[in-house]
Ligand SMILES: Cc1cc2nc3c(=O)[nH]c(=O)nc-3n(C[C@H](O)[C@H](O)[C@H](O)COP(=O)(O)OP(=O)(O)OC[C@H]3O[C@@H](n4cnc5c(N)ncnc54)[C@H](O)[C@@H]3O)c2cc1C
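Okay, here we've got a single chain as structure tokens, the form predicted on its own, with questions on binding and movement later.
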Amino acid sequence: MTAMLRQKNYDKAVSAGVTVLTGLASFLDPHRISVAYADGTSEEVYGEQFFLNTGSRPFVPPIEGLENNHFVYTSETLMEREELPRRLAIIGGGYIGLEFASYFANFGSEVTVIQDGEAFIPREDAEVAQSVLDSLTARGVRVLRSTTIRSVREESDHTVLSLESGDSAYALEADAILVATGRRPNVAELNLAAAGVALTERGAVKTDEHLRTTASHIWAMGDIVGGLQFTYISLDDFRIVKSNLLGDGSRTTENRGAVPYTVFLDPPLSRVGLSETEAAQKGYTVKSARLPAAAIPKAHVLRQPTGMLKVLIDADTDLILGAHFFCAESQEMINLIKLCMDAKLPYTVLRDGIFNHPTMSEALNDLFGAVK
């Protein structure tokens, strides 16, 4: 009956031009995969070309007491919890951890973020990162830096983390723990070695600028390639592969320009391009400008005057090198900066542009007007 049902679905899918098989796939050789189904059956599938886009999974560090702890969650399971934790401990001060810290603080939880390094979001511009830290602290989020988690112990109705910072050791009680220590490419079950597909030192699928793997008939896209893990990167990866297969191959990972992204805090933190430190390291002569979010009329309309905006300009060309917006609606504003950077428009276009009122984007007049 199962085989008949699968054949029936197969016939329907073929008539639409697509066959969807829901199962666990692994390579048998460069052109054959085995697909294992939930009912215990399996089948072999042959393909002339393969396109890998299996995403990523949360990484759980080998800390004593984390495994099989009923109070431990990942970003994929915490939102399934039905009761709001009064005390939430977050392991990891990266983007995922901070997003959860922000909205669980809004929910009313007492949030503690634990990170092993001293620098707070070190990939971001230091000035903007400090503004983010100040905002989170003002909202009651506690960030423990340079702190090591030695073990985790499960009690009857809560869990206890054993922490160490410098010469001090102490315990932290929590009703829930979120493990937010990054994600890893989802490649373990694919048996890529059988297909001749190599991995990088960090466990991602190795590809060239066209996203072709070390097997010439296999391409990889999205999180499994490593780098930025965003839905729209996977979408743009599709454009690159399409250009390679059906176009002139001109679109590559090397020419898609700076990638904008947003960390959905409250308010959101958005960025595109270089930080001030990175621009200096690359030898640019930099002009810059800053604007407090409180100077934007629409921020007060939204009752979100927290944050700041910062831009970096190449003093020799007047082109935008980078933008860092920690303010309401920054996730929309940053797209305009990306467009100007790709079009190689001087910052004066935004400085002198006419923007609708009242909007957050009209602040670009004042921000770029302050460049010096």
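So that there is no doubt, residue numbering starts at 1 and follows the sequence shown. Because the structure is a prediction, the values reported are computed rather than measured.
Below, we refer to the form predicted together with the named molecule, which is not included among the displayed structures.
- Scanning S75, S162, Q130, T214 against the named molecule in the predicted bound form with a 4.5 Å heavy atom cut-off leaves one residue, S75.
- This chain appears without its partner; in the predicted bound form, the one residue of R290, R142, R87, R183 with a heavy atom within 4.5 Å of the named molecule is R183.
- Taking non-hydrogen atoms only, S109 never approaches the named molecule to within 4.5 angstroms in the predicted bound form.
- At the 4.5 Å threshold, heavy atoms of Y170 stay clear of the named molecule in the predicted bound form, well away from it.
- Within this chain, S146 is remote from the site of the named molecule in the predicted bound form, having no heavy atom within 4.5 Å.
- Proximity of G23 to the named molecule in the predicted bound form falls within the 4.5 Å heavy atom cutoff.
- Stretch-level contact check against the named molecule in the predicted bound form with heavy atoms at 4.5 Å: of 95 to 103, 204 to 212, 246 to 254, 133 to 141, the positive one is 95 to 103.
- Taking the named molecule as it sits in the predicted bound form, the stretch 260 to 292 comes within 4.5 angstroms of it through a non-hydrogen atom at just one residue, F264.
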